[in-house]
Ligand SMILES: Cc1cc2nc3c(=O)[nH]c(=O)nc-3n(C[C@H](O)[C@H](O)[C@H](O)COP(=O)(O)OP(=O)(O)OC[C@H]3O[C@@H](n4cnc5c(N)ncnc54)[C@H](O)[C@@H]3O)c2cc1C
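First, one chain by itself: the form predicted on its own, in structure tokens.
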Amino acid sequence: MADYDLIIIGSGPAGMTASIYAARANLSVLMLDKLAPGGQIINTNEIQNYTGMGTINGAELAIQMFQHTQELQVAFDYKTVREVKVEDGLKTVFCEEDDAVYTAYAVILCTGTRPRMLGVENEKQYAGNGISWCAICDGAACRGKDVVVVGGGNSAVEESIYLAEIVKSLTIVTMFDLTADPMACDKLRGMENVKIYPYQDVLDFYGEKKLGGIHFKSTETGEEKRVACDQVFEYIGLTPTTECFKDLGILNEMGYVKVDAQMATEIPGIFGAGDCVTKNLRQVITACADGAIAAQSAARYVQGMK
């Protein structure tokens, strides 16, 4: 007999929504995460496109979601999942802390993604000490300073707008042009202390004991430029956090969990949801939708098992 009907690995919007729908389907649910509930939205200053919320701070939305799970008495524990094994239909989840082991009839993988790094010279040297991947975490310390953002997608533009309101100068360095929501791009371009360098390759970071600036090269003209700065924020894409599932044979070549329209993987009873699965649009609202679908699919599976 299993410890739980369903174990949800990850407590971002997908995982928390899945737990809500699963609890309302009368499943016994355990939600596991090595970090605080909320996933990537904890590090987002403003979310402006989550239906019904208008503009809301990411951490605030995360708190509201988690409170909803607790109103339904969803069990939650801080655990780092090391491996998932399947035997005779039962799923066993192995954790690093205290060598904890849990079993369930079904599992939903909601581990999300983590920021990708450039892989250029001196990046690791200044990581966490001049180079950051979270403007909400480290932006306040940049008030009145010269800052660079690398990237031109939604996250880069949204966080740049936040930073431009508090820093002395903001330089955007991006491989292509700005590719975020057009309204957000227009707002950023209209800010007086913002300078944008599109079609650039970052070559390296420089400085003595601390970060001094960024060195990049135009992919169109070959012209190289150095911009002095106090802080760099990188927003160049994401890598799925799915290493602990590699032995299950359900990942694609990029490491994302392969799922069908019902959020089911090729292994019966294992489902995926949120940013870690194969999909075209990674947003809070689509993560929540994935979680709801996965929970309903898991409920049907568990009922069949019982």
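Computed from a predicted model, the values in this text were never measured in an experiment. The first residue of the shown sequence is 1; numbering continues from there.
One more form of this protein should be noted, the form predicted in complex with the ligand, which is absent from this view; the next part is about it.
Residues placing heavy atoms within 4.5 Å of the ligand in the predicted bound form fall in a single listed stretch, namely 272-280, out of 22-30, 272-280, 247-255, 66-74.
Within this chain, K79 lines the site of the ligand in the predicted bound form, having a heavy atom no more than 4.5 Å away. Looking at Y235, you'd find a heavy atom of it within 4.5 angstroms of the ligand in the predicted bound form. At least one heavy atom of L35 is located within 4.5 Å of the ligand in the predicted bound form. A residue is said to contact a partner when one of its heavy atoms sits within 4.5 Å of a partner heavy atom; D260 fails this definition for the ligand in the predicted bound form, lying far away. With contact defined as any non-hydrogen atom lying within 4.5 angstroms of the ligand in the predicted bound form, the contacting residues in 1-35 are I9, G10, S11, G12, P13, A14, G15, L32, D33, K34, L35, given in sequence order.
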